[in-house]
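Shown next as structure tokens: one chain only, the form predicted alone.
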């Protein structure tokens, strides 16, 4: 009986001490939630297709980057099982002051940037303490869709766009680029195909963008691409090869 009463007294004492500690420190739940107020917050919304087309080496991510570093400082990734046409909402919180850009990007397992699909510069919102919103509408984030947004739209359509600006008859605008590339003969180099299905090294696209490519055509494409992708050139070139080899 004495032992039982003693154990009950000890239990009561421990519960009382815990209650007093909670009263002294305030609402414990609110303290835990308050960490979400640290740093900046970016919210991405979009309807996406192609997420499930990536293999396990890659991920579609909302990621924060520090200048000069190709590895994400903070990241949220989409599940590979995300079905086509899904309404996606990603919130990236606790973004510290070192991070200057938040990007929708393809990353690898090491959180390394492969290619950027969309970007927001946080310095443009220095006076805005609220959540920064990235409303991106409908996006194809498949392997080719990523190349369209991250490569062709960024570095190529200035010369290979529509409306009479398609150098060498090559139109790389969205909706046109695939049909102008895959198994299509080059108009600038005889006996060459722009993209040979399943054969990256045999494709003119690979040849003009890699080492030695500056001597193949009258225009230096390697210089254009290397100037555009200073931190992730090799990753972009590998992504091109992966896409071609899987055709």
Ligand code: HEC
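Positions refer to the first chain, counted from 1. Keep in mind that this is a model prediction, so the values were computed, not measured.
If you look for the form predicted in complex with the ligand, you will not find it shown, but the lines that follow are about it.
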Testing 53 to 61, 66 to 74, 39 to 47, 207 to 215 against the ligand in the predicted bound form with a 4.5 Å heavy atom criterion leaves exactly one stretch, namely 207 to 215
*At 4.5 angstroms, heavy atoms only, are 167, 185 and 219 all close to the ligand in the predicted bound form?*
yes
### Query
Can any non-hydrogen atom of residue 224 be found within 4.5 angstroms of the ligand in the predicted bound form?
yes
In the predicted bound form, residue 158 touching the ligand (heavy atom, 4.5 Å) = yes
Notebook entry, point to check: Is residue 117 a contact residue for the ligand in the predicted bound form, using a 4.5 Å heavy atom cut-off?
Noted result: no
Residue 99 within 4.5 Å of the ligand in the predicted bound form, heavy atoms | no
From 149, 139, 172, 78: within 4.5 Å of the ligand in the predicted bound form by heavy atoms is 172
